[in-house]
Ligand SMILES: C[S@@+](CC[C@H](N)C(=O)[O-])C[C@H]1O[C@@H](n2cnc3c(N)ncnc32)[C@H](O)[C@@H]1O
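One chain is shown next in structure tokens, namely the form predicted alone.
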């Protein structure tokens, strides 16, 4: 069994969209052309926390250093298949050592995510965000000498300084909107006090000039809503299938909306980009479509492609189908590939019935 096919859709490059490729992630990634994928959303096996029941699996290496090297081999191929301006969303948790050979003193955190991230930085990746996935329903723990673990990190990494990120697609409603401009430079709560940087600012300190300008215009946020920030409260998945490490659909939705383009040009591969707000009427923002100057017409556009090299139960495929993005999955365990295939087909049937 080489793959599980869900549709006959292929782009002009012959990419196996809508398919779960069964096999080793590095081997199957090498079959994909360079610069062909818009974004990658994945949750690789954590160090020594799961046994997926198949030879060649990542996660049961003898040392955390070996685990890092195994993932680096996969992520080097991910870097190759990403388009310029593409991105990687990486959900990876930590574990506690039971022996010094695991990489830390017994009972100490191994710091597996940090070790992996430092290795990725040394290979040219740029860490743009560390999102806190806060779990309101975390796994109960009987531990008495430390705090329970109630969150996991989700990292956003890129290869280029300029990359596709559609913030407007994931904005959240603002709590309040001011509607009275204040005098710039005034001493009022919402006034622009000064454009000068505070004397205590260090060389890497940010600037509040954008916030001050909004307050001076009498608004407290963007007309489309505010930036959702880097703490996402999302309940753990309630999936009842045989796979035991499924991440929730809500954790995939924002990454796909922000970094997997709604449309790309079939001719040149350029992504459709949302236009900036050209004017606002109260809370109404007027938008337009901004396209690359490639001469393509409407029928020459197709959706972006998301890849998950550790497909598991198929959550990325499920969300991609719902958001009308193309997807490619890779899964080492053929049983999990079948499970994901059935799950995605079931969701598609439900969507068609609802339509």
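Positions refer to the first chain, counted from 1. Just so you know, these numbers come straight off a predicted model, no measurement behind them.
The same protein also has a form predicted together with the ligand, omitted here; what follows describes it.
- Using a 4.5 Å cutoff between non-hydrogen atoms, residue 314 counts as a contact of the ligand in the predicted complex.
- Put simply, residue 52 is close to the ligand in the predicted complex: some heavy atom of it is within 4.5 Å.
- The ligand in the predicted complex comes within 4.5 Å of a heavy atom belonging to residue 25.
- In the predicted complex, the ligand sits within 4.5 Å of a heavy atom belonging to residue 333.
- Remark: of stretches 124-132, 246-254, 224-232, 104-112, the one touching the ligand in the predicted complex is 246-254 (heavy atom within 4.5 Å).
- Between the ligand and the residues 318, 68, 48, 58, the one pair within 4.5 Å by heavy atoms in the predicted complex involves 58.
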